[in-house]
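Okay, so we've got the same protein chain twice, two forms, each given alone as structure tokens, structure 1 and structure 2.
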Structure 1
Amino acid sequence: MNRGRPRSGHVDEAVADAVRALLAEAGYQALSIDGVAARAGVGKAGIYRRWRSKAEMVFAVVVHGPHPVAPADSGSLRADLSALAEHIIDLLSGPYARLVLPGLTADLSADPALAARFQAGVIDAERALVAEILDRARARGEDAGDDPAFVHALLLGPIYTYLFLAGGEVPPGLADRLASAAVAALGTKESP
């Protein structure tokens, strides 16, 4: 049985609001636990009771999960992948992800436990979407390979590169071009 005073949902809400507000104002690096606590009108202990680090907190608040985005079934592999790529572009250039992802990625590299949760909650979820799209294509008789992780990397990687390693903007038509590249790659023998 659960003993003691139960945790208050109000804290979670207030922290989530404060995190989003402060991220928008100053970005991930400038976000501090002290600052969030003060802005949320919450004790620091209430935050540390829930999350062990800034990275965990932001991860929980911003990446918390609405990734159930069912992949559209347009009847063609290329169109499905293009839609998925467009979805990833939207996600990564969205209001918060853009501010959060580089810093969060850095923290992941120093916290294997959190990295595992990111892997499971975000990467694996997206790979599952790719797998579903490929399965459907295979059912239709299209050539769909057998490595959803590779196809996923072929979509996510270039998008991440444009956004966070190169200039910061995604070129127009990128989703289509990535989908075409992926389809072309699937229809190729890798060694001559």
Structure 2
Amino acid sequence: MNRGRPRSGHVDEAVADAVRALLAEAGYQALSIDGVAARAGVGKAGIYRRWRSKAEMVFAVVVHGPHPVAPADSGSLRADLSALAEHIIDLLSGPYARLVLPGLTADLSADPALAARFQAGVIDAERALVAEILDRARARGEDAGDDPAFVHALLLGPIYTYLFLAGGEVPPGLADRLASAAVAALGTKESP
């Protein structure tokens, strides 16, 4: 059964390029779906088939799409969480993320429907990734607890605070410190 034309990688690429260019030129608040469509040379319908809002489109382009990928299995929960925290730092430290996240956070606070979609589409995917890491640790015989939402918040919260609320720089060694804190908070014993 044919369900219409397949999604075009060209459209995705053109939209991503347009989003980045418009962010650099005018910032998040001034960016619009109309502006992105015009810059990308695509129809608004093509954008709305992919994303329901400016916030969702921009987050997918700048931070990550709907399916974040867990870091490679390093052999211990602490090392896996440290690698994940380092990845989060890298994503949120990028120049476009720094332009987007304060405005996106404001949009989420002001729009409960957008916040619910963001929870379902982004936060739940990130928590599933954390659950995968916890599952891997349990499969190795580590006591990894079973609270991916708590681990997600424990890793993301301090990183966001340092980058966007407390001066913009992450202190050296933060990823390792957060991983150790998460392992301790879960009540697990670190493996060497």
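Rigid core: the largest C-alpha set superposing within 1.5 Å between the two forms. Structure 1's sequence is the ruler for residue numbers, which start at 1. Nothing here was measured: the structure is a model prediction, and the numbers come from that model.
- Only structure 2 matches the form predicted on its own.
- After superposing the rigid core, the Cα of Gly46 is displaced by 2 Å or more between structure 1 and structure 2.
- After superposition on the rigid core, the Cα of Val19 moves by 2 Å or more between structure 1 and structure 2.
- For Glu56, the Cα coordinates differ by 2 angstroms or more between structure 1 and structure 2 after the core has been superposed.
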